[in-house]
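Below you'll find only one chain, the form predicted on its own, shown as structure tokens.
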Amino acid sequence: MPPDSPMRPTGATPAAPVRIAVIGAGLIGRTHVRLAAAEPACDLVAIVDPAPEAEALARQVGASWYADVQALLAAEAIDGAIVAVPNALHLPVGRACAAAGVHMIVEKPVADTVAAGLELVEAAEAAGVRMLVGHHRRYDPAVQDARTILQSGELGRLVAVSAIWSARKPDDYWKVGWRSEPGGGPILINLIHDIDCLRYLCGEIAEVQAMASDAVRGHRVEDSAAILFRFESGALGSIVLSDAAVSPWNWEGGTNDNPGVAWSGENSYRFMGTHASLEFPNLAVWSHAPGGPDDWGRPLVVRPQGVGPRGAHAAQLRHFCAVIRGDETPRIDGRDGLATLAAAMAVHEAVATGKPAVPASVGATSPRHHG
């Protein structure tokens, strides 16, 4: 049976639930708590967060509560932790987990700088700790189907990809102070997911050009950006990003992935090839009618393709439990997540310098070879 197979042999004794702690009970941390409390493959042992609301949440789900990670590690024997603290704390919290031999999902981005991310990845590797990075979209069935279509050659040679992530975040979103400080803008909070998707679907990013603006919100971070990519394959890509503009064109609206974002059902990516193009995430393939050359004078036909049930965060958690048990290999490991961070930081560099930027080399295996 392949190492990343989700199936266990018929008649095998079910594995005991893995003992999990969620470290950080903010917006995404609460999602992880809810899912871990409901997942039979894991036992939610503890929640770690100094806020009184986190203590109340722990009582609600029947978990222990700790104010900091050292208190958790001194008191509990756990198999894995989901690290969902602010970006700047990923390194110290993750390093503590690695030293204790605790496997991890580290929420995206893996850290707030490439240097800090590399230090964390190397600490996990040295400790023999299995580390995943929380780019949960890789577990969405539309992403897996799009990857299959792109790798099948049905589109021909990939020429370009166009993407939009645009939504207006509510004013109370900014009450969490770090979100409006350097390292907390939509490039590292939102765009980094799109960068990871594009790396996973199109291959490595070779060069980035970008412009950004804070004209709407006036924060110390961007509220909008326009980014150009050149992939190693020679394909080109563009993304328009804004957390200050009302629109239906964003991943969450198109997939109903986040209950806090209104569903629209609209596509936000388009992949264009020499034989056909693909709308995403609804997976409609556009091509010329059979029986003639591919040229603009011939009629186009569209082939819709159904998408299976969603639930990417839940699928990520089940995968994490299987990785801890040794039944599966990480779909996105620390170095792969670090390569995504390097590409996102190249966007920041291109904004700051006004010049093309090349993502830092971090020794990642190409995501096109990952399962």
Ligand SMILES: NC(=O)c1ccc[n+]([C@@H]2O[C@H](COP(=O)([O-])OP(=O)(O)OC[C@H]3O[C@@H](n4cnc5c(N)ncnc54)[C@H](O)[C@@H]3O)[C@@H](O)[C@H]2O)c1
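All residue numbers refer to positions in the sequence shown, first residue = 1. Quick caveat: nothing in here was measured; it's all calculated off a predicted structure.
Beyond the structure shown, there is the form predicted together with the named molecule, which is absent from this document and is the topic of what follows.
The named molecule in the predicted bound form is approached by G134, whose closest heavy atom lies within 4.5 angstroms of it. Of the heavy atoms in V176, some are within 4.5 Å of the named molecule in the predicted bound form. In the predicted bound form, no heavy atom of A36 sits within 4.5 Å of the named molecule. Shown alone here, G24 lies within 4.5 Å of the named molecule in the predicted bound form, counting heavy atoms only. Put simply, of P50, G306, G326, G62 only one has a heavy atom within 4.5 Å of the named molecule in the predicted bound form, and it is P50. Between the options P248, G156, P86, P141, the residue in contact with the named molecule in the predicted bound form by a heavy atom within 4.5 angstroms is P86. None of 197-205, 77-85, 222-230, 285-293 except one has non-hydrogen atoms within 4.5 angstroms of the named molecule in the predicted bound form; the exception is 77-85. Along 257-292, a non-hydrogen atom within 4.5 Å of the named molecule in the predicted bound form is carried by no residue at all.
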